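Below sits a lone chain in structure tokens, taken as the form predicted on its own.
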């Protein structure tokens, strides 16, 4: 008598991926609505359904904060660490959708929103991924959608940037996959927990770790693996650029933190991770120095992001618990101040003009005082000036770096911050030093008001987190 076929996974296993399923299914609902609804209602319906799906996914992810569980034989680990990153991804994706007016043509918007939802689901999968196969599955789900989205921009360079991102990102993924193959050969398993056991071949193990980390630092846009970032950010639609600046980084940062904190043996961790701390230090200087010459805000924020991710990864140096908590806090704060800046750019955008050229900010303090005040707040936060979350986060990272014995990273952070102050204050000067004519009256259409939602939320969060930083306890990543 044959034994009945049983599925080796329990309801608790499936419950861990329900938030991602909610986001992915919402993308299918968006496409279905695009087929069934009248043409005039499709854009608005796609936006509402997309935001609702993301909000549902964020709500469903909350219970996982208090119920750590290694699902699917350790392939996905639910817990506080994964929950925090998933919530950052959800919030960032919702705020990016508020810029959907600058996403694509009307007939392309529902499809583009569906792709953004699937990409967000991939990043959410990476947040809890605990084996090599799950990491790669999440990475490809995140990336494949972005290859298409980057080519939807109205700029002449859009197709070029999409092709560049496709080629370079695929190459980085190949490095990561090759490294995974070496790690599998050294350990005989695809789980991250197996990396803690003695490797059959230390050379294969070290080589696999190196190639794996190359793929991660590319996704994080750390120097010298950053050259694709400004071109892709410039060519992609504004909403996609805002999405990439946080969501892509969140998925890669979660994998890096889990790999560094929970998967590497203590005996070899310092030597293997030292190159990562070095590129983080280089990124602080390269990102801020390159931003000095930029006249396009999307390119400037791309270089700013390179430096900001350098600060965040530097917090992980020494793999201390405080460093992880401070790094995640600063990343959450960076998400708000960065997306707030993109929302102001969206507010200034017009048909066939994304408003990201520096000339669009001439005399903004006279023409649109509220928008200029909000942009000033976000720029001061990115520069790390009080009383913003940028200042508080950098102080915490400095304390973490010094206590972990990485004084040289703390020095580079201070130097990078000094350079960045000139970059951001230059834009503030442009907004307030020149009169651009009579004050302009903002458009009152619903689409034009959507960026204000993101601006207000980001401004409140930037100030509130600066005055009262939220450093969550118990968010160490687990692999089993």
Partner chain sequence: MIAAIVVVPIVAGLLCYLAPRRAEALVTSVAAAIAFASAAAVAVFRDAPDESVRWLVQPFTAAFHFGLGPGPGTWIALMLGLVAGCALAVTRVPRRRDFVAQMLVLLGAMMGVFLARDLLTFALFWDLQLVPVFLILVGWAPEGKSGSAWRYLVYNLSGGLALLLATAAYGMLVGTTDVLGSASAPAPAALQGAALWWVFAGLGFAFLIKTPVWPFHTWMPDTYADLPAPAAAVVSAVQSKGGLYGFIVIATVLLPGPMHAIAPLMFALGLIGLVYGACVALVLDDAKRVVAYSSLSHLGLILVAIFTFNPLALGGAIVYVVAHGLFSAGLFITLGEVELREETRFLSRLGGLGERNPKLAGALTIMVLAALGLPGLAGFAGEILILTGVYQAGYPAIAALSLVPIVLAAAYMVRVLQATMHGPEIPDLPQREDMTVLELAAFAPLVVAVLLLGIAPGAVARSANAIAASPAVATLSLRAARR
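Numbering follows the first chain given and starts at 1. Source: prediction; values computed, not measured.
Although not depicted, the form predicted together with its partner chain is the subject of the following passage.
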Answer yes or no: in the predicted complex, does its partner chain come within 4.5 Å of a heavy atom in every one of 391, 410 and 422? yes
Find out whether any non-hydrogen atom of residue 164 is located within 4.5 angstroms of its partner chain in the predicted complex, and reply yes or no. no
Answer yes if any heavy atom of residue 174 is within 4.5 Å of a heavy atom of its partner chain in the predicted complex; otherwise answer no. no
Contact between residue 322 and its partner chain in the predicted complex at 4.5 Å, heavy atoms? yes
Indicate whether residue 366 is a 4.5 Å heavy atom neighbour of its partner chain in the predicted complex. yes
In the predicted complex, which of the stretches 402-410, 121-129, 299-307, 183-191 has residues with heavy atoms within 4.5 Å of its partner chain? 402-410
Pick from 213, 253, 279, 398: which has a non-hydrogen atom within 4.5 Å of its partner chain in the predicted complex? 398
Just to be sure I understand the contacts: of 40, 418, 62, 36, which is the one whose heavy atoms reach within 4.5 angstroms of its partner chain in the predicted complex? 418
